[in-house]
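Take a look at this single chain, the form predicted alone, given in structure tokens.
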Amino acid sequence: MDPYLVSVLSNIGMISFIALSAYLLLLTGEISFGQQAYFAISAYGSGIATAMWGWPFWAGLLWGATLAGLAATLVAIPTLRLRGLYFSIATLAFAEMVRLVFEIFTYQVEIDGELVGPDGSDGFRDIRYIYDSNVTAFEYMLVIYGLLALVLIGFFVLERARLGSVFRMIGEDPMLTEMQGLNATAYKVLAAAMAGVIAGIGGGLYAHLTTYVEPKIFNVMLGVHSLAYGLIGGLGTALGPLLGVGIDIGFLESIRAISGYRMIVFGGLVAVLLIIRPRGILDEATVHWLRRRWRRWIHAQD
């Protein structure tokens, strides 16, 4: 497969994790501009585990995702008592705090005569576990999409389970949810923790593919984009955020004629869709219609 295509597909796969992370919070009615914080925490955490502590890749990835999930839980407990815009601002403030901490965070050890580890604003280099293990770019892309498939399966199970119904109920009317004897805040904290882990998986994968991370990568625009992907693709299914990522990275980025105006086009697309389709392209009504058509087609084949 063409190396450039592998690179683009790998990027789409990794960004899909943070898009799904923001989507999960959107289901509960919360808008987060700070999911890039958990992406960053895992990128650094998993990189430290493999490049500096000598852990295997899977252990490092699990470590990074766990750190991201714990951080998301600790942030969610106080902030999810806030409502609407206040919660969004709190998540943005936390993400910027994390980015600034990494700007001054220095932790290095000497390996084979060279210093390895985070070096403040100069970033964290030589996260080379994948390449030192002779894993090709194509093989790593398969790893990315294998993990993405597992996360999507988890979402499909969630959407058919009671927990998924509770999340959507909270998103539609938290007061009604409370009246039914359910602790809306506790469920939102659970959703935030799950979202942190999902973003963390993407962050760990990103660090090992690029072999280098620096604080400025995890800026507010990454958080805004992760949120916009769900709003574009639709909130009716977990495939919605993936559609949003595909439109932005796979389609808009590939059109050379608008490459210099991609952000303008992307912003305009978000604005238009919010007006004509507030719940995105694959909203609940569209997903229900597609499922009904699919069942009819299946029955027609019998």
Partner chain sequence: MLRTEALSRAFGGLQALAELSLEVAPGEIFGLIGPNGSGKTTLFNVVTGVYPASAGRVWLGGEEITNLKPAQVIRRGVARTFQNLRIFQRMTVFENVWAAQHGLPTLRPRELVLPDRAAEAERRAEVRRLLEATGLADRAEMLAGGLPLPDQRRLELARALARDPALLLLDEPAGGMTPRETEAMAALIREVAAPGRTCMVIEHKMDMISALCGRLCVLNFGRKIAEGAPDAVLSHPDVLEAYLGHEAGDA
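Positions refer to the first chain, counted from 1. Keep in mind that what you see is a predicted model, and the values were worked out from it rather than measured.
The discussion below concerns the form predicted in complex with the partner chain, not included here.
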query	finding
All of Ser165, Leu176 and Arg279 within 4.5 Å of the partner chain in the predicted complex, heavy atom check	yes
Close approach of Asn134 to the partner chain in the predicted complex, 4.5 Å, heavy atom	no
4.5 angstroms heavy atom contact with the partner chain in the predicted complex for Tyr187	yes
Non-hydrogen atom contact Leu290 with the partner chain in the predicted complex at 4.5 angstroms	no
Close approach of Gly181 to the partner chain in the predicted complex, 4.5 Å, heavy atom	yes
Contact stretch among 209-217, 165-173, 123-131, 140-148 - heavy atom within 4.5 Å of the partner chain in the predicted complex	165-173
Residues from 281-298 in contact with the partner chain (non-hydrogen atom within 4.5 Å) in the predicted complex	Glu284, Ala285, His288, Arg292, Arg295
